[in-house]
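Okay, so we've got a single protein chain in two different forms coming up as structure tokens, structure 1 first and structure 2 after it.
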Structure 1
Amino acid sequence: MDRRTLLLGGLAALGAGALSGCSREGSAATGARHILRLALNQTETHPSYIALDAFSKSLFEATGGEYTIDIFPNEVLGAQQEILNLQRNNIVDLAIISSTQLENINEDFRVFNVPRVFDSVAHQMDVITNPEISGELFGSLEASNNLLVLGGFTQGERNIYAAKEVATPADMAGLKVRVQESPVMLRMIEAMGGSPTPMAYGEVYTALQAGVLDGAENNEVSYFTQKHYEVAPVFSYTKHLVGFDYMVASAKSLHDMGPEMRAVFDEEWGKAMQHFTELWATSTQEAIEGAKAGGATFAEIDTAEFDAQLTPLAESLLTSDVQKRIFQQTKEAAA
């Protein structure tokens, strides 16, 4: 049995309490009476982990020792799609899930995944934290999937990296580029001229190394913390998407907290989102320096030829009334 199977078997057994309606007990090790399990696919050096670790401690303090969070980093509980299933069944309480994954459950989430929907991280955070724009969407998975979206963390601008510079769609021809597992991400790389290959995050390094992939797309922080620069040393600023990571909660786990504890949780979580946004800018700089020291180069390019493909693509991908309304509100929020 591998480590993940063992871990999940153990969690499922412990989670039976939560499934039958009793709350999950904390342990002497943490000192908290209740433990929320959080799944993350990043390393302990990624700013998500750092902000979540601080959130766990502040939650413990603010709830007078009632609640803490146990973070499982490095995709140890599974890739994001698998984690959503564990959350539906209350085996995992909280998870950081890339926004592209939720589109596979409710297509309206696509509105925040289309190229160029956000102008900047500040614009994105304004929209995500504005309940008039995103509130209904974020509550839309509760009845059907036991999932609640609680805002989250920016992924910053995503860009292409490979063994060579990518400055135009012609440079993308024949390039096998890893994408997150969503139809929009496939369409986006096709529109940019490449051949998309969907794959879970944790498999990308090995696939680049083995030549199964020629490139991938992500932000500088993932490029550095996942060590992708070692196997794809040229990072080209295509700036095709400002991505987002949702904090997804198992709805039952949150309801079980009761209104008083839930209010404290929400307040501390709001502070954690701000903390992350502050960390993001410095982490990005550090990632650039670190990757350069490891031999990577960063290429600023003229994105005009990509823009000409991506702008009409974004419009063609928005088909439902909900998507169109949220898109319009998002654009108005930038003005």
Structure 2
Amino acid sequence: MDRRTLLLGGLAALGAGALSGCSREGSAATGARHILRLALNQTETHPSYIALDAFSKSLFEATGGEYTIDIFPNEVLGAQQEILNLQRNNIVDLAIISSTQLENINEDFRVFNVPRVFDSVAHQMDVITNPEISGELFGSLEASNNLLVLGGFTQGERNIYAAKEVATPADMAGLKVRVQESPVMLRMIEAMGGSPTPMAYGEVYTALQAGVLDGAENNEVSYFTQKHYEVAPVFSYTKHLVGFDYMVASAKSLHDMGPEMRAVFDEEWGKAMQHFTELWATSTQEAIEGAKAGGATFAEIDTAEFDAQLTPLAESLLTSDVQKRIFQQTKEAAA
């Protein structure tokens, strides 16, 4: 029996225990009365883990030892679709989930996945933390799925990298560019002039090396940590998308905290989002410096020709009144 099976079996048993919600009683390591279980697909060195670990400690202090968070990194509890099912069944309390996963549950989450919806990370975080814009959407999965969205962490600006500079859609012609398996991502690369190629993230380096791919799109941190700069040495700032990972909670777990503890939780979580944003900015600069030392070139380009293709695409992808309203509010917030 592997470690993941043992973990899930143990969590399921805890979830069926006497405590309300998914919190579990007592911990010799932390002394907290209730421990919230959080699933993460990143490593212990990623800014996500670092920010969440600090959040766990601050929550313990702010609640007087009532609550803390047990983080399960490295996708040890399973893929994100599996995690969402565990949350629906009150086995996992919290999880960092990619934006495309939520779009698969409620298409209105698409509004934050389309290109050019955000101008920058700062604009993105202003919108994500503004309940007048995002509040209704973030609460839309509670009744049907027992899920609440609590904001989340930026993925930073996503850009194109390849063996050559990409300054215009003409430079993208014929380029096989790796994308996540999402209709929005596919249409985005097509609009930019390239040939979108869905592929698992872990296969990208080898595919670039072998010529199966000509390029990929991602942020500077992923570009550096995955060593993609070794096989795609030119990073062009197309800034076509500002990505996002959501913090998703089991709604029952949060309700069972009670209003006083929930208020403390929300306050500390707000600090954690700010902490992560600061960590991300530092990690991005370190990644740029590291990739440059490894031979990479970072090209600042005029994005006007890409804008002309991506802005109408974004608007065409919005199919519901909710999406169109949130998109308009988001663009207005940038001003």
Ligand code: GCU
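We call the rigid core the largest set of C-alpha positions that still match within 1.5 Å between the two forms. Structure 1 provides the reference sequence; residues are numbered from 1 along it. Owing to the predicted nature of the structure, the values given are computational and were not obtained by experimental measurement.
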| item | value |
| --- | --- |
| Panel number for the form predicted alone | 2 |
| Exceeds or equals 2 Å, Cα of S144 between structures 1 and 2, core fit | no |
| Core-superposed comparison between structures 1 and 2, W280 Cα displacement 2 Å or beyond | no |
| Threshold 2 Å Cα movement between structures 1 and 2 for P198, core superposed | yes |
| Displacement in Å of the C-alpha of A291 between structures 1 and 2, rigid core kept as reference | 4.5 |
| Rigid-core-superposed Cα shift at A210 between structures 1 and 2, Å | 9.2 |
| Core-referenced Cα shift (Å), L310, between structures 1 and 2 | 2.9 |
